[in-house]
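Next comes just one chain, in structure tokens: the form predicted alone.
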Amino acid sequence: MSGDIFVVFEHLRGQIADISYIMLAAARDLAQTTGGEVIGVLLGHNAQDIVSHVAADRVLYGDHPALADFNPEGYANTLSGLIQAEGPRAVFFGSTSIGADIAGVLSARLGLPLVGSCIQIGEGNIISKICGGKIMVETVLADDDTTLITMIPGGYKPAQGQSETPPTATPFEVSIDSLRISLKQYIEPEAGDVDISSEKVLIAIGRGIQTADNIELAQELAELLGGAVCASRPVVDQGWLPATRLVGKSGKSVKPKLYLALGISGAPEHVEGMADAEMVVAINMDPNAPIFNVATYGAEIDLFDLIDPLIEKLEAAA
């Protein structure tokens, strides 16, 4: 077994996903302990150019027409052979729908240990969040097996896994005879709504907004600040805003310059989607709300005691 750390890249429509850069940053920390290289693994078809900015020592590239789009069966079969042949010390996957499709399968198929929800590497050990983020667990790498790791955002910034120096990409042979799973159609999200992932200012509303009618206040505030309204899970589940406005693990990841959280408790699933915001201002009546743990500034007040005066001040300054 080598000391190398593999990172399985996630990509869509010619773009490397941010979770891949986050995994690279964690892999670099882990490689300092194992003494190996950080090696990216790219599966795709005519996709070698998309890894020009990844901070990997080198990249193993598996090219095959059947891998042009993500295919869980194709990925699992290809990675199974690669892991057995190369024997890396650890392999990182995103804690995403893609990672969930293949990490568990590989763990069962190869009999390898799987550590989930890693958020950071500390002194060579894997630090994970469990029980909805209420407990932090520290795990050591297996002594004589490759350890599979799924990664969640929050402990590293995507920029930490990026580089201006393109890594060397080495092709490896991919053999795929037939697959039971095939992609029939790629369905783009419905157009017409705001893309909250590209907004610089977001007014985020949670359960504290109380009723759908009060969303108008948040919308007015967003317009004055030149931003958009987004939400946590309770608001979307009520049908008050569409799923395109959901921030979190099951929604979108955002990284605005300002994230104003109104009446949001700060569950780990929500924080995962807004951890890269440059400034977080939290407004909540509960002094123990977890959102205060990630906020740049916070106020323990009723959001309605803030929103009206703030709108008045902004209108006066316009």
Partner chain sequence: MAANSISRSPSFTQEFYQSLFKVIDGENIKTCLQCANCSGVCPFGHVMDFPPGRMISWLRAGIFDEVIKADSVWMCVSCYACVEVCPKNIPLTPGLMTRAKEELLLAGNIPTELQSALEFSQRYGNPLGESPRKRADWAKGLETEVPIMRKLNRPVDVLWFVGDYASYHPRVQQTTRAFFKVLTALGVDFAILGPEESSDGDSQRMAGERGLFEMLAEKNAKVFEKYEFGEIITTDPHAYNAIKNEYPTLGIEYPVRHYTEFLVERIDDIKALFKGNGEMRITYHDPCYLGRANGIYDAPRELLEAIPGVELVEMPHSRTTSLCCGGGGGGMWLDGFQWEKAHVRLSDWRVKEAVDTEASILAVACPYEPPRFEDSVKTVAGAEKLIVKDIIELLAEAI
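Heads up, when I say rigid core I mean the largest set of C-alphas that superpose within 1.5 Å between the two forms. Positions refer to the first chain, counted from 1. Values in this document were obtained by computation on a predicted structure and should not be read as measured data.
Omitted here: the form predicted in complex with its partner chain. The next part is about that form.
- With its partner chain omitted here, the record of contacts in the predicted bound form names 267-275 of 28-36, 43-51, 267-275, 59-67, defined by a heavy atom within 4.5 Å.
- Only one of Ile176, Ala169, Ala212, Ala243 lies close to its partner chain in the predicted bound form, with a heavy atom inside 4.5 Å, and it is Ala243.
- Among Asp237, Glu86, Asp193, Glu220, the residue placing a heavy atom within 4.5 Å of its partner chain in the predicted bound form is Asp237.
- Contact residues in stretch 202-230 (any heavy atom within 4.5 Å of its partner chain, taken in the predicted bound form) are limited to Arg207.
- Comparing the forms between this form and the one not shown, the C-alpha position of Glu269 differs by 2 angstroms or more, with the core used for superposition.
- Core-aligned CA deviation for Ala169 between this form and the one not shown: less than 2 Å.
- In the core-superposed comparison between this form and the one not shown, the C-alpha atom of Gly81 has shifted by less than 2 angstroms.
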